[in-house]
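Presented as structure tokens, the chain that follows is alone, the form predicted alone.
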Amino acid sequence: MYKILKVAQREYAETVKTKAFILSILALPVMVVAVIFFAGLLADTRGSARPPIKVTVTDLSQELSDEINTSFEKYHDRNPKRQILLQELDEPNGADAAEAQGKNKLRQGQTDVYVLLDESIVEGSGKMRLYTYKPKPAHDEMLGTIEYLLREAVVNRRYELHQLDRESLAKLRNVPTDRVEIGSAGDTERVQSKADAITRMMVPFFFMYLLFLGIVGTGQQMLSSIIDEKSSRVIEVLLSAVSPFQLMAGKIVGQVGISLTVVSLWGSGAYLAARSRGLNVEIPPEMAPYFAVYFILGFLLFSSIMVGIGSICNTIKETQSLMMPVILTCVVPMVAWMNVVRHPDGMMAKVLSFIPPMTPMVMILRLSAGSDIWIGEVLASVLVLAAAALAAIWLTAKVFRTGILMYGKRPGVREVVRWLGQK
């Protein structure tokens, strides 16, 4: 045990003191902040200039001219740098001729969007058709805006014909609603906002993503460490002082400590950042021990697999084909997270909870989603994960004992199976 701890101490110290480790801790928060910042800039398109969009409208009802002009003028006042220019169409004889002329203007590039309003659109039986020709990606966003402005003009005209007051109708339809969350004390109440609902959805995702980064991201460092020491023959020096199992166990324990350090810093930083922005992030106290148990067992399982892959390969390139199935298995909860959060007691969530590579992330999703999971199910998932981790360590030790000192061609499946059968 003493030698295992010494190897773990060396693995931890050699990694933590490097500049690459410090940069890796800082890189993710900086990247997240940068993505949020630039996403906000990209989302705020109201102030950005855009070339005017030319729109030609044929109103077969001949009742909407004033409403259309008013609707577009209001839009121009709100968006002076993102104009939509209304173009007039010559008065042809008949609806078919008008439609043909509008489409011809589209093909010739004289207009960007051609809109045809049916004769009976005000009565409610007609349609609005938006025509484009070789549309540009920059115009896709504006199609929805144009449709909204014309729809608003039609609705306003309908209000006028039926002598209805739009503001009065809006008041009749409006039902102010507060979603109130009560606390355990009788006088503790808080009105929830839309941000609270988004936060409740994102907290489980954050726990799962933090688990994924800690297990998969840091676990791959184990693979790189094995390959580097094997190629530089440092592994032979280490094996002269400790046994193969002691070396493997020490490396795994050391990487567990490194990964716990990383996720603790990231998690604490993210929580403090969310609170500083005024987000109401409520984390149940029992989540910390749950996270620690699933994280450690999941890391033991994943890192053992990485050690096994590293011991039979000589270069990082050789490991890629073997790593792919493992990584894809861990990605499944990332794809299914929303379904699991919305239905934490559903059949899919329960089945994935007992597939060991996915167990940590799926169970963290379910637990952080506020689901009242039966404690027996939680204990059963922990036992399944622990059994899988112990089995992986036992099998990896057999492979590591022989494969770590082999160089040259990578052993085949039959040879690895033969190593597993050795006592």
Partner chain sequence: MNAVSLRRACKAFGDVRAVDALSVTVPAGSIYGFLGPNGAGKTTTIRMIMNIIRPDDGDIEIFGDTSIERARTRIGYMPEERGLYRKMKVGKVLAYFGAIKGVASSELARRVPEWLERLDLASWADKKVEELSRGMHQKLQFAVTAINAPELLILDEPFSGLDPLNTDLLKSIILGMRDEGKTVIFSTHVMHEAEKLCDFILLINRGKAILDDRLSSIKSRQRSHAVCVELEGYTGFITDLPMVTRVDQDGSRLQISLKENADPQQLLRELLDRVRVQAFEIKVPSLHEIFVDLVGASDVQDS
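Here the structure is a predicted model, which means the values were calculated and not measured. Positions refer to the first chain, counted from 1.
Here the subject shifts to the form predicted together with the partner chain, a form of this protein not shown in this document.
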Query raised in the report: M338, I198, V237, M347: which sits within 4.5 Å of the partner chain in the predicted bound form by any heavy atom?
Result: V237
Query - One residue of L161, L85, A241, L328 in contact with the partner chain, assessed in the predicted bound form (non-hydrogen atom, 4.5 angstroms) - result: A241
Query raised in the report: Okay, which stretch from 115 to 123, 228 to 236, 309 to 317, 129 to 137 lines the partner chain in the predicted bound form, with non-hydrogen atoms inside 4.5 Å?
Result: 228 to 236
Query raised in the report: Using 4.5 Å between non-hydrogen atoms, is K17 touching the partner chain in the predicted bound form?
Result: yes
Query - Interface membership of R410, the partner chain in the predicted bound form, 4.5 Å heavy atom rule - result: no
